[in-house]
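Next comes just one chain, in structure tokens: the form predicted alone.
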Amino acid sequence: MILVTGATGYTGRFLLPHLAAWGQPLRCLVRPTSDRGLLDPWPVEICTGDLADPPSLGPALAGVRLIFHLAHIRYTPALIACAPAGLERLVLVSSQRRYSRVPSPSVAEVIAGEESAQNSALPWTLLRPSMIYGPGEDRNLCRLAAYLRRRRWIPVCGDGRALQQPLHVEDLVEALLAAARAPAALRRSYHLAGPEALSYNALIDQVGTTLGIRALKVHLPLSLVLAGLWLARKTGLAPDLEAEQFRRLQEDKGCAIDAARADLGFAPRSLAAGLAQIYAKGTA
């Protein structure tokens, strides 16, 4: 039995078709409030439970041999506490946020979630993807593309030189599948990202080029952006943005993927190729 947590999330929707093709019993842990309709196309058993409530996980974990933990890494301790005997691999998806130097409770949660697995006796493999993009609502590059289509210009916080290394969701899925089976990946952690790191300025240019748009970038000092956020809150506008998001945009997010190439056969597509595949098909 294979168990997937976070199956109704963005990555889960791309992973499930591949797991269904394996022909093994497949189970998804979903919260009572999750949209189960997203799972209808696939032959899956649906178990209701909540990773924040470990006693509710018993039925979902019964007889499970392989777990793909796509839900937030902070819930790893619950899985470890309830893991069944005979578990062959726990594949965990974490985040490059682990390395952020911007103080934030979310960074501490990622670190604690990773360490709970690494300090356990379970057969785990840990993947740390960079910015994920792909067809549909990826919450990253699709929003940038939609903005450029509407405005053809974009405000950029800071100088835009910080490195980004976006990862296509299908390349992440291939790594997940390999991590479940590769002997060399047992109790190892891997960075996953596209093959090249590029500045945020270059990222905007690449998206614009794919769309046939020459994007005008308007650079704003970080101090001015943070002051604007503070003023918006004071005046009751309460934007759905946090200061730490803009501070993180100033951090380099490039990473080495050599270990994943060697152990997982990881061969990510270039950003130009990934964007061309998405927008040439009109799927985003």
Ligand SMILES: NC(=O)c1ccc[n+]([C@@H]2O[C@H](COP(=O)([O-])OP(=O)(O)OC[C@H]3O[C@@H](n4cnc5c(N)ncnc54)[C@H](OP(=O)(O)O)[C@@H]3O)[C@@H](O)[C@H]2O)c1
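Keep in mind that what you see is a predicted model, and the values were worked out from it rather than measured. Note that residue numbering follows the sequence shown and begins at 1.
Although not depicted, the form predicted together with the named molecule is the subject of the following passage.
Among heavy atoms of residue 76, none comes within 4.5 Å of the named molecule in the predicted bound form. For the chain shown alone, residue 3 is not a contact residue for the named molecule in the predicted bound form, no non-hydrogen atom being within 4.5 angstroms. Put simply, residue 67 is far from the named molecule in the predicted bound form: not one heavy atom of it is within 4.5 Å. Put simply, residue 34 is close to the named molecule in the predicted bound form: some heavy atom of it is within 4.5 Å.
Taking the partner from elsewhere, no residue among 165, 206 and 269 has a non-hydrogen atom within 4.5 angstroms of the named molecule in the predicted bound form. Contact annotation: of the candidates 189, 210, 116, 94, the single residue with a non-hydrogen atom within 4.5 angstroms of the named molecule in the predicted bound form is 94.
Among 173, 132, 80, 144, the residue placing a heavy atom within 4.5 Å of the named molecule in the predicted bound form is 132. Look at 48-56, 227-235, 211-219, 253-261: in the predicted bound form, residues with non-hydrogen atoms within 4.5 angstroms of the named molecule sit in 48-56.
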